[in-house]
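Encoded as structure tokens, the following chain is the form predicted alone, with no partner shown.
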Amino acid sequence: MAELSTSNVGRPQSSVGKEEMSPTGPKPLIVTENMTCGYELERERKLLTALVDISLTVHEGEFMVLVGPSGCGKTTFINVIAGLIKPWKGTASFNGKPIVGTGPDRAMVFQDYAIMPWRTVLQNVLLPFELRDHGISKKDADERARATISDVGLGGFEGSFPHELSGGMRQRVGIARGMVTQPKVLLADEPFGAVDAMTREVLQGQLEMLVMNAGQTVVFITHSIDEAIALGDRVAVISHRPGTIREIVDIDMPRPRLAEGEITGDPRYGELREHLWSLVKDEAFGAKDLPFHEDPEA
């Protein structure tokens, strides 16, 4: 596995539960205000409400984690940020402008790898440059792809196909593909949910170091409280469906958290875990059927 720099270990942490930072702090990058959104169910001819009245600010360089019960709207939130769906009510903006569609400044990492089996590791990582003009030459794109592959610990596997890789290695390809274009925001939808526990811990530590080294802004979905504490600057707890923000918890533990062994022995870890579990447990037990509306104004 490639060694990763720790040059940005001392980057500032976000404030407890606050949506605004000082004028000298990181600027707001993603802002949703009173956002309600969902999906149209064509067969039933109904609208499914996923999120209601969501106001959340993600600052530049922040690692924001979303946790909550299944079906609470976490994926819907990052789909809005990615530009894949539009809010029914309220607003969603990126870098000061309304989100009107997809863009090279936002990249997605999926739970199910989503890499093409007929393409090599290098070809998969180069895919974003083929789909959109990022303003760099093919030579520079190739060099950047190879460097990113090395950064995620896959140096030497550039010519390998997905069927020749383990699950963890495939997910590293997905992470490399997401980061190779150096987007402003990395959107990650339970990216480690399909790998075993040991591999998950390795990937968590590697992602933490990659993000710290790059100063990357991340919006990360997980069902794991331990993962949320290990990776997040702040954790937004989403209520049972339709989702609302119940609380935003500051993870005020120094970084790196995973590079030098377990963080579970830290008393603060135990306090944070107990508090987050009390919130998530209440929401999971309170989950109920999603409401349907005839129109988004209902």
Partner chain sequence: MTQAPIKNTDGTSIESQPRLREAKWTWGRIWTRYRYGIITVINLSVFFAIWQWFASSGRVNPLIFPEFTDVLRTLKIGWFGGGNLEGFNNRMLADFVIVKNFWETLKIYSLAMVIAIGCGIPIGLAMGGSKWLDAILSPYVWTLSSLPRIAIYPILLLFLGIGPQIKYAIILSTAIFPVIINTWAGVKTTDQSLINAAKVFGANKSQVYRKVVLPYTLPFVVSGVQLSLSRGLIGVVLAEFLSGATTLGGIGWLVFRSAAAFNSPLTYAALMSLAVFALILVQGTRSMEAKIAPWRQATTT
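Just so it is clear, the structure is predicted and the values come from calculations on it, not from any experiment. Positions refer to the first chain, counted from 1.
Form predicted in complex with the partner chain: not shown, discussed below.
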Interface stretch in the predicted bound form with the partner chain - options 223-231, 171-179, 191-199, 137-145, non-hydrogen atom within 4.5 Å: 171-179
Position in contact with the partner chain when the complex is considered in the predicted bound form, options 102, 160, 166, 213, heavy atoms within 4.5 Å: 102
The single option of 92, 82, 203, 209 touching the partner chain in the predicted bound form, heavy atom within 4.5 Å: 82
Residue 156: touches the partner chain in the predicted bound form, heavy atom cutoff 4.5 angstroms: yes
Residue 98, heavy atom within 4.5 angstroms of the partner chain in the predicted bound form: no
4.5 angstroms heavy atom contact with the partner chain in the predicted bound form for residue 88: no
Residue 106 within 4.5 Å of the partner chain in the predicted bound form, heavy atoms: yes
Partner contacts for 54-70, taking the partner chain in the predicted bound form and a 4.5 Å heavy atom cut-off: none
